[in-house]
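Two versions of one and the same chain are coming, encoded as structure tokens; call them structure 1 and structure 2.
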Structure 1
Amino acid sequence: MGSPQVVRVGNNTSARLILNTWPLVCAPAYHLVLEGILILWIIRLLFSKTYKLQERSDLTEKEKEDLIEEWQPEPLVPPMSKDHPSLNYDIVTGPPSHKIIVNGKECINFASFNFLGFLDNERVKQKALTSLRRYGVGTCGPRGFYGTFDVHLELEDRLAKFMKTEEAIIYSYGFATIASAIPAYSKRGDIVFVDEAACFSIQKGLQASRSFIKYFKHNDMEDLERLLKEQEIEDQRNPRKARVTRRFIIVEGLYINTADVCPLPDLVKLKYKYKVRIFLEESMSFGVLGEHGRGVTEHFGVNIDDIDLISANMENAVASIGGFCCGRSFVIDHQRLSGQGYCFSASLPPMLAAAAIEALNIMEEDPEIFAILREKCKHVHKALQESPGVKVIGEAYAPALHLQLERSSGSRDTDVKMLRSIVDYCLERQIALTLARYLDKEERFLPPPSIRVVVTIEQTEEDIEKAASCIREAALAILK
């Protein structure tokens, strides 16, 4: 192509810039045609209407009225039977401690997660009352907005020391603890390997994280390693993406839906072999497993520093409200700015924080309670083995076992009704049990229907034998 030329006109010494038109003349014809079409298309877009009104004939008043009468709005919620379990409550009066009043009848409590009996403990109640008089009922503010009380800081310090970690953070709602912790670290594009039996709060945390989720079969380390190997091969194909992708394994210490324990030593080996992080949810194992109740790490003798984050609620063994996460300081501090349940929810009421501190005091002063609980768990597990038509699901030392039907009817609703009949039979005979409840349409892997049997240190041998005998009678009468 030619370049602009400078020429002189007459005697004028000033230069004029004249564009060389030779390239335009010599341009291929298809270029000119294409550019012309594009110019016409742009003009059409600028001056044409973006939409056209639909042509239709006007309706008469009678036709409008007929259409209005025929219209039926869709229900806001799907129709539900009045005998649905969620609409029929068992009403509790008084504290759900060793003895519980259900529907006006006093029963032995095999339903509440009051594993260590702290719910009605006099020392714990007295500390809560003292705190109530000092601080009032609630906090009315998140931790970052005048919701941090000295008792919160004390509880976080005590939890960190009890678990032998650098730091701890507390939440005001147990369910929100792991559900907030997961999306604080795992983001879109990250990869999470999760056990199929993971509890619902983990599922909600995964959903909020928008990460890429890979489920492995329950407690199947071969299946997990298969997924890790596949990911390793994929990372080798795309090393640039692999450098910015974080990988996590999320498991429960003691699974609430299956009552068995994760193989933590094997998980730690896979962690270092494939360079992934481990998040451990210990709501059912904290205050239960281990010589001092520190959970599944103590149970297996695993160094707690090998676990990147430990989460647990304080609504089971501690018999308070809320939850906590613990680990290294730089890991925990990140949640103070990114944990949604921490940043946006009102902080834990001070009286419940004080109750949790006193529960920790008792756990440290009397570690024998954990051995007592384990022995009672084994007793209940053995006593339930002889129940006809149902099978016991869970480890012998698990404090919340499941009773499932040996033979399913093929219909989940029918199975639930049969199990509910067993619960009602026992309730009439002053044994309080409960069905394991799930959101059927929300669960990623819906567990089979079951009756949950909860063990506490307050239950006597007589109570356990009475409950086991009652369950056997109910199974014989209903499942014959």
Structure 2
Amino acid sequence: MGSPQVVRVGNNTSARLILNTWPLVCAPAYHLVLEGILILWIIRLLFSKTYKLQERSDLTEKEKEDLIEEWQPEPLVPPMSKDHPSLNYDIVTGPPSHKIIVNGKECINFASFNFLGFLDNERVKQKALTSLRRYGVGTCGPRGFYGTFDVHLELEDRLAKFMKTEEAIIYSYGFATIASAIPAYSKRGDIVFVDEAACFSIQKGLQASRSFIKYFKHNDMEDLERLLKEQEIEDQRNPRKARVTRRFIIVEGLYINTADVCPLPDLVKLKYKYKVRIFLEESMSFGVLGEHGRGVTEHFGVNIDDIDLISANMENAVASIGGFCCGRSFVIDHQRLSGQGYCFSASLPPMLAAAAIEALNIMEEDPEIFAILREKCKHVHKALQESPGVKVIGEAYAPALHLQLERSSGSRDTDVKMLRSIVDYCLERQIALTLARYLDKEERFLPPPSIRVVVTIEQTEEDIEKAASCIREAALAILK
């Protein structure tokens, strides 16, 4: 193109027009052609029909109405047969203490998790009453909004001191404790190694966390090490991802489903070798194992700081309601803003917290009760060994044992029926037992059907003898 020339233009519009279009005319031909094609294409697109890329509904209004008319949903709940085993509950009249009245008959209680006998303790009841007279029953709010009472702070303090950790946090429901704690730390993309026998609340916590879950065989450290090695190889393939993927091992101190203890020292070794954090669920072992009742860490002599999080519920040995988590402040403080069951739920009623504090007081004053409980457990374990047709599942010092059939009939329903008849036989003769309950379709690794036998500190030698002989007779009568 030529350099711009100064051309004097008057008020002549046509000259101006020519001047304005001069560059256009001087442009190379391919340029003009290309631009012309683009303009024509734009005009075509503007006038062409638009269509959605999503599901295009070719249905007319009438067809839609017909579909709506025809659609029949399933019933909200499937019909239940009248004799479904879990439909009829055993009714307890009066307090669920050592002598319990089940279905109108007074029995000796071998079914409630009242390990240290605090359900009936006068001191605990008195403290709860004082608290009721001071605070009323409910807290009328979550912890964040005027639902924190000085009793809660005191209980958290006492629990932390008792377990020798920095901090503790209380939940108002035992089930929700570990089920809220796990998703607070383990998110999508993290990896969790769990024992197969983990209880249902751990399974729900894992489901809520959306992490990768890897199950290892129950108490099998080689299987766990194999999984950890595989993960290590994965990590080397993708180190960037490995740097941000958190790893956890979740185990229980005393397993509720199998009544045996986890090999904690081996787990701690694996923890430092493969850099995995350990979460320990101690609902059954808190207040049971260890010289002072501090649980499985005291039992094995493991340093409590090596365990990242200990969670337990206060509904077994402590005989109150609720649960707690304890550990270092670095770990526990996070739950105060991210634990769903803590932030979005009303706090524990203060009288229940006061009862728990009193139970802790008694546990601290009188550490012999743990040794006595262990003696009784050994006694019961031995006494039940001689029952024909049923085998005892669990360690000798575990207070909640399982009695399974030695030979299963092949069908779970029949097994359950047989065990239920043993339980009914014992109830007739004033020994209160219960079937261990599970949600058959929801459990990941459904344990075999069993009877739960719970040892409490209030049971005497005679009670234990009576129960053992009753079970023996029942087994002989029903399983012949």
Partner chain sequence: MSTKQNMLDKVGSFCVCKIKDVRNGSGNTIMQILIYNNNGLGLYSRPFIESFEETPMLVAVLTYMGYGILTIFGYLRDFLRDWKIERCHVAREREEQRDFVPLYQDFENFYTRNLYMRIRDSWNRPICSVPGAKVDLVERVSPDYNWTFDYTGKVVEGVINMGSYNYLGFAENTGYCADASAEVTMKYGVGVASTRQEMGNLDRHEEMEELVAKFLGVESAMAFGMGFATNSMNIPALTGKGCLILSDELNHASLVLGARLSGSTIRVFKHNNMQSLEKMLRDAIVHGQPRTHRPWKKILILVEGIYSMEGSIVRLPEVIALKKRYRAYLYLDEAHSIGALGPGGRGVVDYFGLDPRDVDVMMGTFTKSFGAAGGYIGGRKELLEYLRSHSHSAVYAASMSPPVVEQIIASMKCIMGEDGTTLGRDRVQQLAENTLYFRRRLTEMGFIIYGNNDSPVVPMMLYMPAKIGAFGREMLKRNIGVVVVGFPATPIIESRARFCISAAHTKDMLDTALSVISEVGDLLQVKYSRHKRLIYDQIQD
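The term rigid core refers to the maximal set of C-alpha atoms that superpose within 1.5 Å between the two forms. All residue numbers here refer to structure 1's sequence, counted from 1. A quick note: this is a predicted structure, and the numbers were derived from the prediction, not measured.
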query: Between structure 1 and structure 2, the form predicted on its own; finding: 1
query: G301 C-alpha relocation of at least 2 Å between the two structures, rigid core basis; finding: no
query: Yes/no, P75 Cα shift of 2 Å or more between the two structures with rigid core fixed; finding: yes
query: After superposing on the core, C-alpha shift for V33 between the two structures in angstrom; finding: 15.2
